[in-house]
Ligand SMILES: Cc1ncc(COP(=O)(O)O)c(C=O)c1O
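Coming up is one lone chain in structure tokens, specifically the form predicted on its own.
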Amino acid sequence: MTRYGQSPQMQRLEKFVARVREQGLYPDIPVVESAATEPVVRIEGKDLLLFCSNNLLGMSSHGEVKAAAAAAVEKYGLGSGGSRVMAANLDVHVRLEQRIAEFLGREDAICFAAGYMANVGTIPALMRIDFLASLNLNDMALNFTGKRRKVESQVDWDLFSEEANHASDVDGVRLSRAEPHIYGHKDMVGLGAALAASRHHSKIVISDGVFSMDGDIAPIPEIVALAKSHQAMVMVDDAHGIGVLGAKGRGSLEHLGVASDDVDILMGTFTKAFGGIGGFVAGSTALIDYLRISARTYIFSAPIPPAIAAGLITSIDIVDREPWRHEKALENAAYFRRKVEAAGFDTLGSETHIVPVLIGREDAAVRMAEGLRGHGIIAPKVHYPAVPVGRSRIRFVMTCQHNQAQIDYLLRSLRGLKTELNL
């Protein structure tokens, strides 16, 4: 029965959600009663193995990190009191930006409250440079409305985006108002042809470093070479690579031997390798200075909580001095990938700590996730719209804290469920 006053729009919404639930596709998200960053978590009074935490290097629960955060709570309190441009530009935020820039060998960095905000703030800001540069800074009201309407209806950039990029990159592209050219996954021939056909003076290529759903790595050297030949900028979202890949954990660029200067804009997150929350963009001083006055998600939002920022500075220091952490995470992933492929599963070309196991049909992925839960294992099913229809998978993440006994138990469970579910 329709509730009194319910609009037709709300009725359609309610029916859609009910249909998703009936098909078993609504997320069954467990309520965790312990830290959700450890290999073993507490759910409904029971211990379960967790294979989806992004606390890749164990930083979230590290004693030194927690001590730094606790000390910062005493000094700064819980929040910042406002955005950084409204007098909440704390020294701890400045130090965090300096530390991550130093870690990555960049001139400067700018931090955002979340990685998502870094992308949806940075990409549109870049597309607005022509509009902002055209303004008469001595009289901001002069022709402002007309110029704004022009830039909102026509952005004179060609934007080339990888089809498997993260949702935050996709939304940043949409908000930019530029007409995007989506090139196929790691398709350098297609990218080259699209760049060659470009008629705009301003061009940018945007790609993930590590693709979050497949765990494979972008061909960044080839992207850089194509971009140089067509005078295009390059932006790499290395949220899943920084701290994990490369001999010193500097990310996909170091792993592939790409010079930092060859990538104009390097985006990353503090949520994965560094165990906290927040995002950042690292690059030249000019780029970062520009984003501070143009990225709306920086200007109009509160920053990373100061206690988290303090903990992150310590986390970067530890990751820098203890490379065994990222080595162990990748070692665990390689072991799991080798064994699960031997059991007949497809890992979709994974090369990193992210190891998807292809299931295929959405209903089969639901049953597999439920079966794993029955074995005391938490790992998410991933289906449309996160991945194409018919390419549903279970997405496993290996951290430096998992041990071989835990991984072997997961492998035995997967082999048994494969037979049981006739996959």
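Residue indices: 1-based, along the sequence shown. Quantities reported herein were computed from a predicted structural model and do not represent experimental measurements.
Below, we turn to the form predicted together with this ligand, even though it does not appear here.
Heavy atoms of A114 reach within 4.5 Å of this ligand in the model of the complex, making it an interface residue. Residue contact check for T352: none of its heavy atoms lie within 4.5 Å of this ligand in the model of the complex. Using a 4.5 angstroms limit between non-hydrogen atoms, N119 touches this ligand in the model of the complex. Using a 4.5 angstroms limit between non-hydrogen atoms, S315 is distant from this ligand in the model of the complex.
For the options N332, S80, T347, S168, the one in contact with this ligand in the model of the complex, meaning a heavy atom within 4.5 Å, is S168. Proximity to this ligand in the model of the complex, taken as a non-hydrogen atom within 4.5 angstroms, holds for one residue of A273, M267, I206, I123, which is M267.
Here the chain stands alone, but in the model of the complex its contact with this ligand, taken as any heavy atom within 4.5 Å, falls in 234-242 among 100-108, 317-325, 234-242, 67-75.
Although this ligand is not shown here, in the model of the complex the stretch 273-295 places heavy atoms of just one residue, G278, within 4.5 Å of it.
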